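Only one chain is included here, represented as structure tokens and corresponding to the form predicted on its own.
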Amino acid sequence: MHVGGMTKRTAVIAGAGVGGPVLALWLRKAGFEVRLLEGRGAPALVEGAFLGVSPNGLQALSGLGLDRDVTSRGHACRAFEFQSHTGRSLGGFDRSGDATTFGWSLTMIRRGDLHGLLGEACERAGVAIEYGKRLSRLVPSPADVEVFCEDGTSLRADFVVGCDGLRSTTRALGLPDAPPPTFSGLLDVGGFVRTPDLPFEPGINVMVFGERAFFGAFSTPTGETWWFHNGSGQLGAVENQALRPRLLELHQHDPAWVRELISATPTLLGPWGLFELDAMPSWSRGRVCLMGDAAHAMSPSAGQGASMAFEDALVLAQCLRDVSDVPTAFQSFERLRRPRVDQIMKAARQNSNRKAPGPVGRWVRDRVLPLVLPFAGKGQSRAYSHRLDFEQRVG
């Protein structure tokens, strides 16, 4: 496409979940023609449970004005509290000053609400999300990439970016020798419920290191409690109808309010396995690149998965704007991002390893954790303080 006598570069983005729409908006801002393809047939407005968007993630969205959308639909977290399976406090983090220190608080938001607001932002910017467009084949050349979809359509673009998550079709097609994600051994279950008289206030993330599994809960100011369970297990080992009894069994010796939440929840979400993808030798090949979970899926234990995708989107758009050769731009993106991603992934793995130890490990953890929590809180603050500037040029 020619604009004002100059060629306007075209991008295909595969995946309109979390990172894809943000990348599309940054690329539009940088002057690219964007096609945003989504394999689902419709918006995922009721999909998944909830997540946290950290201050660094909100800062990465602020240049698009999306930080206001997220904070208006989500709820600020003002503290973390950690408990043993007996209900004994193991310590916590006070995050009530984050909005002053970093400009934003960690914001808890339903995944469906996040998908909805990102879709609305794309619509306002004139970026159409094309649903039912699952990739079937990529044919790269030195000059461009031909993209084929399962519905029989095809198109050409200067480059393709896979924002299609853990089980990325783009990764399978464009980097077929990439290692597969690794199962962490943990299964996740979640839910939304209204239950009165809980022993913690709204706005606090309460984390229970249970006797046999990990449990987290967050109550909103509107009276709803969002919760998740992490426990050891095998994929497909628990039938859906047996899920609630199994959860109640795993938490039978944990604080009573945990079982009350599980029992009162109308619909259980899950189970789904928690996977990691950190052994990628490269995030790109030629004119095909990966970002977000497609490139570096991590455990949710660091609370940074979505925020890493938002940071990726900004930096990748910068590199494509400032580096005319596409493969070199992708290499610059990885060079700039991999050290930070590796650091956050290491923290996520350390957090996951504490969740389901045996009896001896639990005894040690419950005595060591109060000593290490202050250092973990400082590490969380360092992650929150990361800042990006879209106007800065990439060398």
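These numbers were taken from a predicted model, which means no experiment stands behind them. Start at 1 with the first residue shown and count on from there.
The same protein has a further form, the form predicted in complex with a small molecule, not shown here; the description that follows concerns it.
(Q) Test of understanding: in the predicted complex, would A306 fall inside 4.5 Å of the small molecule by heavy atoms? (A) Taking the distances in the predicted complex, the answer for A306 is yes, it comes within 4.5 Å of the small molecule.
Q. Does L58 reach the small molecule in the predicted complex, with heavy atoms at most 4.5 Å apart?
A. No, no contact at 4.5 Å.
Q: State yes or no: in the predicted complex, is some non-hydrogen atom of K346 no more than 4.5 angstroms from a non-hydrogen atom of the small molecule?
A: Judged by the heavy-atom cut-off of 4.5 Å, K346 is well away from the small molecule in the predicted complex.
Q: Look up in the predicted complex whether G270 has a non-hydrogen atom within 4.5 angstroms of the small molecule, and give yes or no.
A: Looking in the predicted complex, residue contacts with the small molecule do not include G270, since no heavy atom lies within 4.5 Å.
(Q) Counting only non-hydrogen atoms and a 4.5 Å threshold, tell me whether R111, C163 and T169 all contact the small molecule in the predicted complex. (A) The answer is yes; R111, C163 and T169 each reach the small molecule.
(Q) Please identify, from 69 to 77, 288 to 296, 314 to 322, 138 to 146, the stretch that has a heavy atom within 4.5 Å of the small molecule in the predicted complex. (A) That would be stretch 288 to 296.
Q) What is the one choice in R340, R365, R40, K29 with a heavy atom within 4.5 Å of the small molecule in the predicted complex? A) Result of the distance check: R40.
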